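Shown next as structure tokens: one chain only, the form predicted alone.
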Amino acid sequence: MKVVVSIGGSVLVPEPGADRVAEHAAVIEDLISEGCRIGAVVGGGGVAREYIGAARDLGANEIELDQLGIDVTRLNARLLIAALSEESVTAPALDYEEASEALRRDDICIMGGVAPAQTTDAVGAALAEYIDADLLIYATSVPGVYSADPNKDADATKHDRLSATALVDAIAGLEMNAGASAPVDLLAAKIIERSGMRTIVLDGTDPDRIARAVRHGDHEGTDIVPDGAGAEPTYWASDER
């Protein structure tokens, strides 16, 4: 079973320290020991937003801000690599071909950002499409996809299940620029829609939630279900490896 896990920077490194990084690395290695092939994409989180905010105040343009964010995502990716076994890759993959080659060698694939104007949400979706993954998981700091921003709208409700088309519609009105924060961005949603990728958006602050979702499809987040797919997936790691 091939799985891509997109881990938000605020999830992996909510503050300087090693504990959360080590916990996520342990889950990834456990899943690999059970027969999964894992690609992980790491976001920039609060650290990236702080750098982007400072650079914006200094007059940097959006492309320069995007590049700064990419640099931070790759630093976070290196933290995750440092927590993995010595048999893992030694540096983040810089493009999808390099990531795919690592997976073909049965290595763990770790990536940060790839190009300006593309968030790590989109990188996760593109990597999943590129390697023909069975499952894409977004491990975010929120429980799933909401009807509105729950931090701004008290009436916002969480979607338990959405089609990929409905996901695109749900987030189409969100403003996205360097440092923006949302469970999944519009480009990622469109890649998910075109690829028919089974996707889960969940609260990944406890990495065991990622493991349960991969092993059994057990989660309290939002299922993004491709058009024409059955109600229940049939390829969880506990059933087929």
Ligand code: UTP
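Residue indices: 1-based, along the sequence shown. Computed from a predicted model, the values in this text were never measured in an experiment.
The protein also exists as the form predicted in complex with this ligand; that form is not presented, and the subsequent description refers to it.
At a distance of at most 4.5 angstroms from this ligand in the predicted complex, all three residues 48, 113 and 120 contribute at least one non-hydrogen atom. Proximity to this ligand in the predicted complex, taken as heavy atoms within 4.5 Å, picks out 49 to 57 from the listed stretches 26 to 34, 49 to 57, 198 to 206, 211 to 219. When contacts are judged by a 4.5 Å heavy atom cut-off, residue 38 does not count as touching this ligand in the predicted complex.
Shown alone here, residue 191 lies farther than 4.5 Å from this ligand in the predicted complex, counting heavy atoms only.
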